[in-house]
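Okay, here we've got a single chain as structure tokens, the form predicted on its own, with questions on binding and movement later.
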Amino acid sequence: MAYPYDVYADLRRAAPVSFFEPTGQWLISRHADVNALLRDRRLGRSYLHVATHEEFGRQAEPEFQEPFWRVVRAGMLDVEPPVHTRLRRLVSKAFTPRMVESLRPRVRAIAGGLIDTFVEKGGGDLIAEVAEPLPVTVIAEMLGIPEADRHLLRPWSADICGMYELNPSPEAQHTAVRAADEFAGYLKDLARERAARPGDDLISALAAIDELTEDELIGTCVLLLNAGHEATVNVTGNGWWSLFRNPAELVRLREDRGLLPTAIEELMRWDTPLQMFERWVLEDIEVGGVEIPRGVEVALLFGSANRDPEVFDDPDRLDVGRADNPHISFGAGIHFCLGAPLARIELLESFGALLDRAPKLELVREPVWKPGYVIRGLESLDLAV
């Protein structure tokens, strides 16, 4: 968990396409293969648009999980065209380059306020005090979540995301179901309120769209919140921890703020916040000379692809000035992260403000990784200014 990259190197060299018995998945570890399969329409995030569970040789989820899957499968991430196409077209109107860029002053103000408080108290846990509240506040303001309710969002999101880990425990499954059910109920009430009394927010705009069902509206909002902050939180924590482990690169960044855009991309590559993304094989395929049959699942190892020496020069070296950096941390193809431009703004503003306002920022103690593998992040990051 603390350093999977040697294992990835072994996989890329000896078994770039290999079956992993404990999870019943084909592991895909090379950048070219991962990138190609993300774009290949013979694979899908779901198979339910072409087959039943039984036809795919799978058992239906336990009945108690129904509230979770009802929410998740109503969002665009876990559906395929034509439903995905329709949902993404509707939601993408809020994420045009012009709309996202218009958010920069507000993102800068939120980041600045959080970091000012962090600096004034002499530091603390960067994740809890800056990394988490920044993207949660931004997406909550976009959606129109009342400020008094925003403390509910991060716990709901963390609990829901527990279901995305490999073989989640029964406790994690029940926790995810409860969180999804509570969040869905909250959003249903809020959406009906906004439909009756619209405001200048995304939930009001979505509630006014006739072709969007209530379940789709709820699923979309849950996805926007979860995807809209999980990666940003972990890039912030992982990124600063990466810089402290590579002090010469931190010095470069402190001395040349012009490196910040390339540094953000490099930090996403070097310690990827989403290590693995899964796809179902909808038609027989061949990857690297290996036949993979319809009905199985591939595990696309983003963390491995982002360290592939066939694509990245000296891939295990952190280089904040790396110019040629085709990392796939935001995915590729039709499911490419809709919020990538907003995430980049949040990261640029928070890293820049910390570099400016805490020029002597230093590590208090070595952090501990969270136990999850798929979503890679730290429990906390205690720093002094």
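A quick note: this is a predicted structure, and the numbers were derived from the prediction, not measured. Numbering starts at 1 and follows the sequence shown.
The form predicted together with a small molecule is left out here; the points below concern that form.
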> Heavy atoms within 4.5 Å of the small molecule in the predicted bound form: which of the stretches 70 to 78, 209 to 217, 181 to 189, 105 to 113 has them?
Replying inline: 70 to 78
>> Within 4.5 Å, heavy atoms only: does residue 351 come near the small molecule in the predicted bound form?
In response: no
>> Please tell me whether any heavy atom belonging to residue 45 falls inside 4.5 Å of a heavy atom of the small molecule, as the geometry stands in the predicted bound form.
In response: yes
> Can you check whether residue 64 is within 4.5 Å of the small molecule in the predicted bound form, heavy atom basis?
Replying inline: no
>> Against the small molecule in the predicted bound form, would residue 330 count as a contact residue? Criterion: heavy atoms within 4.5 Å.
In response: yes
> Would you say all of 19, 27 and 303 touch the small molecule in the predicted bound form, counting a heavy atom within 4.5 Å as a touch?
Replying inline: no
> Though the small molecule is not shown, can you say which of 298, 134, 224, 203 has a heavy atom within 4.5 Å of it in the predicted bound form?
Replying inline: 224
> If you check 243, 231, 176, 126 against the small molecule in the predicted bound form, which one has a heavy atom within 4.5 Å?
Replying inline: 231
